[in-house]
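Below you'll find only one chain, the form predicted on its own, shown as C-alpha cells.
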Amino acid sequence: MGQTIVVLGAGVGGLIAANSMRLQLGQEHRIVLIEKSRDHTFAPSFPWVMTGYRTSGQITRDIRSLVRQGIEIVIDEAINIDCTKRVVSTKQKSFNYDYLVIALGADLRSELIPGLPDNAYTFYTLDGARKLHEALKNFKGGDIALVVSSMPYKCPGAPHEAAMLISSFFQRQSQSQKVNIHLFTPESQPMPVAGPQLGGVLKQMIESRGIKYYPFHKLASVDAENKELRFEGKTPVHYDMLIAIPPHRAPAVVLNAGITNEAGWIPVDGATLKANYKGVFAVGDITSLSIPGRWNPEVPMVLPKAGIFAHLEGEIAASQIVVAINNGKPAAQFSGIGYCIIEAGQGVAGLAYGNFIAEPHPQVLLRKAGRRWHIGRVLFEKWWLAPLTTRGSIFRHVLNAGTKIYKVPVKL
C-alpha cells in the first residue's frame, strides 16, 4: 500500500528531500510539497543583489521548474501540525501523512529589538537586498554599522561577506575614503564554531579591507532619533546607515506544535535527522543539532544554520524514509562535512571546509581567498537555478569546470 509523505517548505532542504524521494520511490507513494510562495529565491545570492551584481529576476524561479514530476505541489501556508494524529493543516485543507519532513526554515523577527524594524536595512530578504542596493547607491558617506542582532542566525559567513562586498562596492564607486564600515556581533569571533584559528584568519581578512570588527556586542535597542545603537554593557555607538541581521525564530506553526526545545528549534538525531515523533524528520534552519565536540566545553554549540547543511540533511532524511518504506539496507547518515564560500569582493572568495561534528572539536580550514572559489559559487548558483530538465547537462559542465578549478572532482 502506498505511503504519503508531506514536506513542509520548498527551500533548499525541502526541495532536495522531495526530489530525492520522488526519484527513489515508486509512483504508488504520494509526495506532497507544501510551500506558501510560488517563487523560489536563491538566498545565497542576496548579497549580490545588495551590491548590484544580480537582479531579483536572475535569482528567482517558479517552484514548479525545480520540482520533479509526480510531486504534488500545494501553494498554501501550513497553520497546524499534529504529530500525534499525523495531520498537517493548511489554510485550505488538511493532509494525513505517514512521514513528515519539516523544512520551514527560520522567520526574521526585527520587532524583537526595540527600534530595529523601522530604522535598519537588511540583505536577508530579497526585497531588503533590493532596497539596500538603492540606499548604498545614494549613500554620500559616513559610518555604516552592520549588526548581527542576535544568535543564532543563518549563514554564519554572511555578515563578514556582506561587509567585504560593501567595501568593494564603494571602492568601485571611488568612495572608499568617505565610508567607514563597522561590523558588530555578539559572537566572540567570526564563525566561532569553526575554532579560533579559522576565526583569526577571517578576522584578519575582514580588517585588511579597512572594516572595523567588534565582537561581544549584543544589540539591545536602536535610538533612531539620535542614530545610536545601544549594546548591553557598552557605550552607545553612532551610525549613519544601519544594516542588520534580524533575530531568527522558528515559525509559529512549529512553535505551536510543541515539538521544539527550550531554544525554540526542533531537536533532531544527529545521524538520521529524526525528530521526537514517529515518522517526523526536520532539516535545515528549523533544526537544532548539537555538536558533540566543541572548542569551549562551557559554551554548548549547535550545527550552524547554513544552506549546505540543509541540502545534505534533505538527502539524509529522504534516504531514511526511502529505506523505511522499502525495508531496504541501512540508510545513509549525516556526516557533518560541509563548506562555506565567503565572497570577499573584487571577484574573489574564500572557502571554509571541513567536518563540523568531528570530535574532540570541529575540523574546519579556511582556504586562501582567490578567484577560483568565486567561480565555484557562480557555477553552483547556475546549477541550482536551472530547470530540472536541463540540470544534467549543466551538472556535467559544473563537474568539468569544478575539476579544473578545485583540482579535485566536485560533488554538488
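Computed from a predicted structure; not experimentally measured. Quick note: we count residues from 1 along the sequence shown, nothing fancier.
The same protein also has a form predicted in complex with a small molecule, omitted here; what follows describes it.
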Choose from 245 to 253, 223 to 231, 325 to 333, 182 to 190 the stretch whose residues reach within 4.5 Å of the small molecule in the model of the complex, heavy atoms counted. 245 to 253
Considering non-hydrogen atoms and a 4.5 Å limit, does the small molecule approach residue 18 in the model of the complex? no
Report whether the minimum heavy atom distance between residue 46 and the small molecule in the model of the complex is within 4.5 Å. yes
For residue 307, is any heavy atom within 4.5 Å of the small molecule in the model of the complex, or not? yes
Any chance residue 105 has a heavy atom within 4.5 Å of the small molecule in the model of the complex? yes
The small molecule in the model of the complex has a heavy atom of only one listed residue within 4.5 Å, and of 145, 155, 116, 316 that residue is 155
Students should find that, of 76, 269, 98, 240, the residue having a non-hydrogen atom no more than 4.5 angstroms from the small molecule in the model of the complex is 76
